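Given next are two forms of a protein chain, the same chain in both, each as structure tokens and marked structure 1 or structure 2.
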Structure 1
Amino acid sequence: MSLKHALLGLLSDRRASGYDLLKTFETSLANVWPATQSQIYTELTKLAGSGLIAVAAEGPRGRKEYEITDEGMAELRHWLTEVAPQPVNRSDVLLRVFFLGVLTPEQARAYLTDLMEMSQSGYEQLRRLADSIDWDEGNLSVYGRIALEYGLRFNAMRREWAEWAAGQLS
């Protein structure tokens, strides 16, 4: 149910077309809540149908700019304050760890060192992103920076864990 709220959240900041929103999903939300073009357009139509957003303007090439309605803002606030976030997130990466015993120790160690590298480059990529953004004083900046810090800490934690885990296989 969160694609709906991701769209409401983005539209609470500024009006945007499906195309604009798609670009945002490909960049800032890519690591948190990926969504495809197909999914976004379908969901926008549904949201407009239920009155949570509305077409504010039309532009060239059939462009439709959506804005959030009062009802939509109420739904967004309701989700943020009343609906418990689901505590569990599936992790493909971690699931595999349970079954590394079917591989040779060398293969298992290779999996963990690959994870180390993946985490390291994820960290560096976010670090570069952080440096390239000019953080103004807006709310989106404040919370965007907080989310980015999460990503940095997560990657650092995972790198250290993978390093430790590889060391355990001896």
Structure 2
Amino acid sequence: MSLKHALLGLLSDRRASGYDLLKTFETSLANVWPATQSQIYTELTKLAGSGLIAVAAEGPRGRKEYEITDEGMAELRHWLTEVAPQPVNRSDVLLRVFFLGVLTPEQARAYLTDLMEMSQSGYEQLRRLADSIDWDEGNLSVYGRIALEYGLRFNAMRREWAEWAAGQLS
């Protein structure tokens, strides 16, 4: 996934300013694809320059509202249907687990306990996010809920797995 496609996806739903997009990232995409203000504005400039989005309106203080173009929608659809997702081949968490044997059993158990707590915290954070959103029947709500459910289930599974792993230590 790329920031380019995340922005195109958000703009496929409605027009938005850079600030609006930043706030959407902070409230809904931060757990999937975090982005900073400077990254978003830089990418918006590139997308506009390549004709994938256009400035739909300009407001006070240079505020620009962007909309996706037909070319941008074609690019988003191409990415969704013809570009295979890149498999996640690296896990800092599991790499550390692989080498926990160099620690004392107490240190290894502490690592796994920290992982349980991190996973529970992530679950609770996503649950609060889910409860704070005014869901509707729009595409971003429907598919956003599906993506959020993945995060909830992933954190629950990782917490349960870490608890099991800690129990395997002598």
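Here, rigid core means the biggest group of C-alpha atoms that superpose within 1.5 Å across both forms. From a predicted model like this one, the values you see are computed outputs, not experimental measurements. All residue numbers here follow the sequence of structure 1, with the first residue given the number 1.
- Here the chain taken from the form predicted on its own appears as structure 2, while structure 1 comes from elsewhere.
- When two forms of a protein are overlaid on their rigid core, residues whose CA moves 2 Å or more are considered shifted, and residue 89 is one of them between structures 1 and 2.
- Its Cα shifted by 2.6 Å, residue 101 is compared between structures 1 and 2 on a rigid core fit.
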